[in-house]
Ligand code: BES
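A single chain, nothing else alongside it, follows as C-alpha cells in the form predicted alone.
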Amino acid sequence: MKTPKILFYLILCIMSGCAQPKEKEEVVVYSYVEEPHSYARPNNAFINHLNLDISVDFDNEIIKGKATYDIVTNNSTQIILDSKHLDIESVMADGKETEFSLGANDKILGQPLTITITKDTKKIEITYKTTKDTEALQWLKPEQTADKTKPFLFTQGQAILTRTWIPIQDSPQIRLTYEANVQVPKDLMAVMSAENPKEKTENGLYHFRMKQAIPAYLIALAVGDLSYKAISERTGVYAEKSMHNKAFDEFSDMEKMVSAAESLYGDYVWEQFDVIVLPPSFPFGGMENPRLTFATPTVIAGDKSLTSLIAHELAHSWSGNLVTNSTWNDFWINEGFTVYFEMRIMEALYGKEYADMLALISRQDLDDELTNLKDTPNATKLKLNLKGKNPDDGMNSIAYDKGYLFLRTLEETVGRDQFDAFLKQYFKEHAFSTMTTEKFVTYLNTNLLEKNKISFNTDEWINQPGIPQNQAVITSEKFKNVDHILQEFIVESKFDKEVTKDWTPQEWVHFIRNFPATMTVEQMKTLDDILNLTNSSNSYIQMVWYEQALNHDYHGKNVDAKIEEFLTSVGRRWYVETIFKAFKRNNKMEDALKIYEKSRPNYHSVTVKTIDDLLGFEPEEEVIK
C-alpha cells in the first residue's frame, strides 16, 4: 500500500524536528450584561470562589478578617469589587501586596474597590473590617431576642447589601462558590447559607462550604444561641430555645413541601432545606438563602396558616437561586415565578380552594400597588429601569403579583400540562445561570408559544404599564361567602360569631381589609367586642385590623397601645410600612413619629430606610453630619 504524499511529508517533518505552528492562545469572551448596581466589570475580570476567614466581635459590633478570591482575569490588569462602609486595610495579589484604591462614595452603591493585578493573577486577598454604618448586619442585644439571654447577629444581603459586610462583586449575575471559617463566642452557634453544623462547637469556630455557585446576595450569616431540630433527613429548624417547639410544629410540613415541589419542576439540588427563625426585627417574611431560609417569627401562628411563606422561600430554590435574575431590573424573574410556584405547592398540599384564596389576596395586593403607583405608571412594568435608584424600589407587588398573574395567565392560555413541561425544561436548561427578561422572552417564544402556535401579548405584559385585559380571573366561593357576611353586617350592624368558626386566616384578612370607607366607629366596636380582633394572636390579622382601626379612627379596647406594641416589637418591613402608611394617610403623623422614635432602634437598616423615607424622618445625629 502506497503512503500518501501528505502523510510522507508529515512523517519526514516530525523526524526532522521541523517547527510546528504554534496554536493560538484561546481568549475566552464573557458576556455579562451591563449592571447598573455594581461597579464590577466582570467581562474584564471576575471572582468565582471565596475563602472567607472572619471573627465576629459582639463587644465592638464588627466583623473582621480576610476575603480571599479565586479570580479569572481575562488578560485584565485590574479587578473591581464593590465596597460600602468597609474599612479596607490591605490587599494582596498571589501573596504579594498590591495597589488598591477606593473610588468616590455613592449613597446607594458605595465605593468601587479597584485592585491592581496582572493577567496571570489567580488570587486576591483583602483584609478588612466592618464599621458601625454597615447596613447588612443587625446586632441585637439579649433583650431584643426571643430568649432574652444572649446577643444575636444576622445579615441581610438582598439586594446590594452584601458589599457592606464583605468586599465582593455584588451583582446577581456573578456566581461563586465559597468556604468560610467563622469565629464566634463559645456559647453561640454560627450558621450560614451553606453546609451547616447541627450542634455547637466547643471553641466557637465553625467551617462552612457552599459547593454550588450562588450570587453574592445569597451569602448569609446568623449567630446566636441556637439549636437544631430535624423534621426529616433533609429538613429541619434552627431557633432559640423558647421558639424551638413552636417552630418545629409550625413547619412540620416542610418535607411534604419539598416533595411536592420536586414532583412539579424537578429535583431539589441543594441537598438540605432548613429554616432558621430569627428575632422579630428581621425585615422580611423570609429570605431564600440556599440550604438555610431565614424566617420571621411573625409566620408562627400556631396553626400553619401562614406557612405559604415557607413554600415561597422553598420555591426560590428553583426560581431565584437556581435561575437568577441577571440584574435587579429583571427582579420579576425571581419573584413572579416564585409566587406562581408557591401557589402550585400550596395547591398540591392543601387544595385548589386554599390556593385560590392566597391568589386572590395576591390580586388584591396588586390592585393596592397599582393605586399607590398611579402617578408613576412606568413603575408598574415588569421590566424595570432602576438605574440611579435603589433596587429596593423595585421590590414591590408588581414583581411578585403582576409577575404571578402574567404566568398564571400564560398557564391558562397554553394549558397546565404544557406549561409545567415548559417550566421544568426551563429550570433544567438554565440551572446555575442568570436570566434577563429579553432572554426569557426569546426562550418562551421558541419553546412554548411558537412551538404550539399560540399568540400571546407578552410584550404588553412585560413592557407596558398596568394589567392587560387578558388576565386570569381568580374566584373563591369562600371569599364570596365572606363578602356576603360583611355586606349583611354593614346593613344590619349585627354579627353572629358562629359564622367564623371555620374561617382560615385568609378569610379573616379578606373580611377585614375589605371594610368600606363608610364603616362607623360603632360598627368597628361591635366587631371588636364580638371577635376580639385587637388582641388577635395572628400577626397578619393584627396588621390588617390595626390598619383599619387607623382608617376608621377607632380607639376601643386599648387598640392604640396594641398598635404601638406591635410596631415596637415587630420589624417586618411589610407590616410596619402598612401601618405607618395608615398613620400618614389619616393625618396622624405626630402619633406616627412618636412611635417611630421608639421603634426605630429595633429595626434593620432595610426597614429603617423605608420608614425614614415614608415619614420624612431625619435622626438628629444624621442631621449634625
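Residue numbers here begin at 1 and follow the sequence given. Keep in mind that what you see is a predicted model, and the values were worked out from it rather than measured.
In what follows, reference is made to the form predicted together with the named molecule, a form of this protein that is not presented.
Novice: Is it the case in the predicted bound form that Phe284, Glu288 and Asp392 each bring at least one heavy atom within 4.5 Å of the named molecule?
Specialist: Yes, all three are in contact.
Novice: Since exactly one of Glu250, Asp330, Glu547, Glu313 fits, which has a heavy atom within 4.5 Å of the named molecule in the predicted bound form?
Specialist: The option sitting close enough to the partner is Glu313.
Novice: Let me know the one among Gln542, Thr324, Ser193, Gln156 whose heavy atoms come within 4.5 Å of the named molecule in the predicted bound form, would you?
Specialist: Going through each option in turn, the one that passes is Gln156.
Novice: For the chain shown here without its partner, which stretch in 304-312, 112-120, 74-82, 90-98 has non-hydrogen atoms within 4.5 angstroms of the named molecule in the predicted bound form?
Specialist: So the stretch in question is 304-312.
Novice: Is His37 a contact residue for the named molecule in the predicted bound form, using a 4.5 Å heavy atom cut-off?
Specialist: Looking in the predicted bound form, residue contacts with the named molecule do not include His37, since no heavy atom lies within 4.5 Å.
Novice: Is Tyr400 one of the residues lying within 4.5 Å of the named molecule in the predicted bound form, judged by heavy atom distances?
Specialist: The answer is yes: Tyr400 has a heavy atom within 4.5 Å of the named molecule.
Novice: Are any of the heavy atoms in Glu240 no more than 4.5 Å from a heavy atom of the named molecule in the predicted bound form?
Specialist: Glu240: no contact with the named molecule in the predicted bound form.
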